[in-house]
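Before any questions on binding or motion, here is one chain by itself as structure tokens, the form predicted on its own.
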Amino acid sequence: MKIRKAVIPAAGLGTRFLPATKAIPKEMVPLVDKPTLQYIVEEAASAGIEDILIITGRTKRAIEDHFDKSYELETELEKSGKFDYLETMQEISNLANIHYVRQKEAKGLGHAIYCAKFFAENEPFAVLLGDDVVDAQTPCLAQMIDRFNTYKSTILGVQAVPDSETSKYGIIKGEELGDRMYTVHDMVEKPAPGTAPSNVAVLGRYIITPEIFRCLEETTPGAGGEIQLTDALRKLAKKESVYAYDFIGRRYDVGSKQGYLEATVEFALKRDDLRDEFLQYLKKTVAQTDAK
């Protein structure tokens, strides 16, 4: 079955970026000149996703405004002859069919995914977490859809992380199949140092079968008193085959300040209109810092 739908949870409070996120959704904080969420939506659209459901909260109206058509702005850009900007604005509103639902209570990622039950309509669907931006020649989700077309089962996007960082992620327990694929027998959410079953971490990309909703219905609050998606995926792995794919690409945790800064610098250096001048600035700044 073709993967036509994607879910993007975007209801979090963004506490790691306070005070910036007091009034601005964390997903709208820009990398260079584009909101981080737009990179996620573009990845989904480029992978052939037709419909996207964004799970929002009551403080996230700016997300809807960003992906909506702005008649006033487009009219003004057309009048002033700024056709490049006009084309960019029109491309944003035409990326995909975007739908919204509010997660009324902060009950965790698993609860946010359960809010998409009506949207999935008994189809397998993709999930892309907004804190994970992946820079890849072939979009990360497109790589995973290709694997889903072969395995016809839930696929988790993973990469190896340093042993010292396993406590930050959901870690899989399984067997390597080759060709960057693993079978998944179990998962541990943020294991304590030295207790992780592997160093292979789930990093914000999933293709999930609709059986997950029955698993979520059976899942009780776990870590932090929230419904954890990892707990539901563990149940799913006992009912049907679950796989993990070591995707190709540079993943940035833009929910952390360090990851956000790294992504901002590296994305800027990829821009032909910014690279040379910005690189000279960086070299000068580093030289001045080293001299102090």
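In this text, residue numbers run from 1 along the sequence as written. Computed from a predicted model, the values in this text were never measured in an experiment.
The same protein has a further form, the form predicted together with uridine 5'-triphosphate (UTP), not shown here; the description that follows concerns it.
In the model of the complex, uridine 5'-triphosphate (UTP) sits beyond 4.5 Å of every heavy atom of Gln280. Contact annotation for Gly130: at least one heavy atom lies within 4.5 Å of uridine 5'-triphosphate (UTP) in the model of the complex. Although the partner is absent from this view, Ile98 stays clear of uridine 5'-triphosphate (UTP) in the model of the complex, with no non-hydrogen atom inside 4.5 angstroms. Gln103 belongs to the set of residues with a heavy atom inside 4.5 Å of uridine 5'-triphosphate (UTP) in the model of the complex. Taking Ala112, Ile171, Ile212, Cys140 one by one, only a single residue has any non-hydrogen atom within 4.5 Å of uridine 5'-triphosphate (UTP) in the model of the complex, and it is Ala112. Comparing 174-182, 69-77, 143-151, 103-111 against uridine 5'-triphosphate (UTP) in the model of the complex, the single stretch with non-hydrogen atoms within 4.5 angstroms of it is 103-111.
Residues Lys26, Glu27 are the members of 18-40 with a non-hydrogen atom no more than 4.5 angstroms from uridine 5'-triphosphate (UTP) in the model of the complex.
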